[in-house]
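Before any questions on binding or motion, here is one chain by itself as structure tokens, the form predicted alone.
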């Protein structure tokens, strides 16, 4: 399945949602929320991946106007590739939970209200060559994770994690 070259504005739940799926390509999409709305625990996500294995997320732009909890939200997924995405002005740029074998390379996570990247219970993953700048929280927050390689990232002007 492919979700490619779409422009998605003002979505109410998730801009692009992949649940219990395999071999999905999410490429070249523009997701934007222009209206500033308050974030709460029931807020929205730009790209929402749940049990979505062997998925490629590439060349997307997600601008949340601080209205969504996470630009990218990953749970219980394996063998994911994130490459050349621009994740701007969200709650957290990316939140990954209970996942493994993720490649996060050459992305930009900037001007998010929380963390650039929040990684929790993630293993055997690579975080390389990302620009993680101007986030109001931690640049890369890593909790209870193991076997990950974090290298060659630019962490600049975040509240913590520079």
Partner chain sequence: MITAGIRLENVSNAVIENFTSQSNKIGIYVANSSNISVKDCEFLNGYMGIYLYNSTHTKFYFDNFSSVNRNSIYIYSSKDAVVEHNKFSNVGVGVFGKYSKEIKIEKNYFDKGEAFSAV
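Residue numbers count along the first chain shown, from 1. Just so we're clear, the structure is a prediction, and the values are computed from it rather than from any experiment.
A second form of this protein, the form predicted in complex with its partner chain, is not displayed here; the remarks below concern that form.
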| property | result |
| --- | --- |
| Site check 1, 5 and 16: each within 4.5 Å of its partner chain in the predicted complex by heavy atom | yes |
| Heavy atom of residue 143 within 4.5 Å of its partner chain in the predicted complex | no |
| Residue 152, heavy atom within 4.5 angstroms of its partner chain in the predicted complex | no |
| 4.5 Å heavy atom contact, residue 148 to its partner chain in the predicted complex | no |
